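Listed next as C-alpha cells is one chain, alone, in the form predicted alone.
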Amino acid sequence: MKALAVTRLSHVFGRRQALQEVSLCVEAGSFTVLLGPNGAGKTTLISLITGLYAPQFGEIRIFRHDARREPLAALAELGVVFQAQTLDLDLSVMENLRYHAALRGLSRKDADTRIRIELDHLQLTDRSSDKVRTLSGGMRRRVEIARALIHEPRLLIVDEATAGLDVAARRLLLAYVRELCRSRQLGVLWATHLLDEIEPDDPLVLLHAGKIRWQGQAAAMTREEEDLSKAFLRLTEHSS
C-alpha cells in the first residue's frame, strides 16, 4: 500500500523553479531516502507534502487522501520532524509533548500513555521533567521524533533531522526509525544529504535542482567499480 504518492509536482517561487514534475512514492513499512545536496528542493517538497505550502501543480496523496481536497484526513495520517527545531525551550519535555497531543485532540490520559511509551523507546523517560533548553541536540531531536509519533501516524516525514548531531546520536535515531518501519509498518520519507545514512536495500530518490535525477534501490544507483559517493557526484555535479 502506498503511504505517500506524489505525482508530477511542480512549484515556483517568483521566477525560480523550485520543483519540476517531481513524482515519487513511499510504501507502507518502507524507509525511503530522499537524497540531495543542500538547495536541491528537499525542504520545498516536504513543505508541500506537509501542507505548509499549497501545491501549484501536481498531486499529493497520503494513504489515498488527496492533500488538496482532503487536507485534514491526509494530515491526520502524518507525523513530521522539520529541519528547523520547533520545541519550546522554556517548557519541559512533558509539557511540549502534552501541548502537541492536545493539538491533535488526544485526551490527557491517552496522551500521557502515548508519551510514556515513546519516551521509553527513545531512552528519555528520566528527562521528561527537564526543560528542553537543558537537553543536548541529539536529545532534542529524539523529543521531536516522540512528538511526531504521539498520535500514531502511518507516515513519518523527517527532514535532515540528524544534521549537526554526533555519530552516536545519529545512529540511535536512524536505528529507532528503521525499527518503526518493521514493527509498526510505518512509511518513512527520510530526507538527507548524508550518504552514510543510506543502506543498500533502501528505496532512494535523488533530487537535485528541483528535479528527480534517479530513483530505485540504493544499491542499483552505482555503476561497476563505483561507490555511492561517486554515483552521487556523477548524477549531480553537472546537472542543472
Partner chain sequence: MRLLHAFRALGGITRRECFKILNQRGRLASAIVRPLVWLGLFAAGFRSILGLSIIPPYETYILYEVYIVPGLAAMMLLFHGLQSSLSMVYDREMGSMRVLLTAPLPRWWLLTARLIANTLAVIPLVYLFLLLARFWNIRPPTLGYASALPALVLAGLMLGAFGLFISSLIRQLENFAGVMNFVIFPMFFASTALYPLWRLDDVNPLLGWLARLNPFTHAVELIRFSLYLQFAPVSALVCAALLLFFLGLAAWSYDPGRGFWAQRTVA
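Residue numbers count along the first chain shown, from 1. Because the structure is a prediction, the values reported are computed rather than measured.
Omitted from view is the form predicted in complex with the partner chain, to which the following refers.
- The partner is absent here, but in the predicted complex a heavy atom of Arg98, alone among Arg154, Arg170, Arg98, Arg127, sits within 4.5 Å of the partner chain.
- In short, of 71-79, 116-124, 161-169, 134-142 it is 71-79 that has heavy atoms within 4.5 Å of the partner chain in the predicted complex.
- Of the heavy atoms in Ala209, none are within 4.5 Å of the partner chain in the predicted complex.
- A residue is said to contact a partner when one of its heavy atoms sits within 4.5 Å of a partner heavy atom; Ser47 meets this definition for the partner chain in the predicted complex.
- Although the partner is absent here, Tyr53 sits close enough that one of its heavy atoms falls within 4.5 Å of the partner chain in the predicted complex.
- In the predicted complex, the partner chain sits beyond 4.5 Å of every heavy atom of Gln215.
- Residues Arg16, Gln85 and Asp88 are all found to lie within 4.5 Å of the partner chain in the predicted complex, as judged by heavy atom distances.
- Residues are counted as partner-facing when one of their heavy atoms sits within 4.5 Å of the partner chain in the predicted complex; in 94-109 these are Glu95, Arg98, Tyr99, His100, Ala102, Leu103, Arg104, Gly105, Leu106, Ser107, Arg108, in sequence order.
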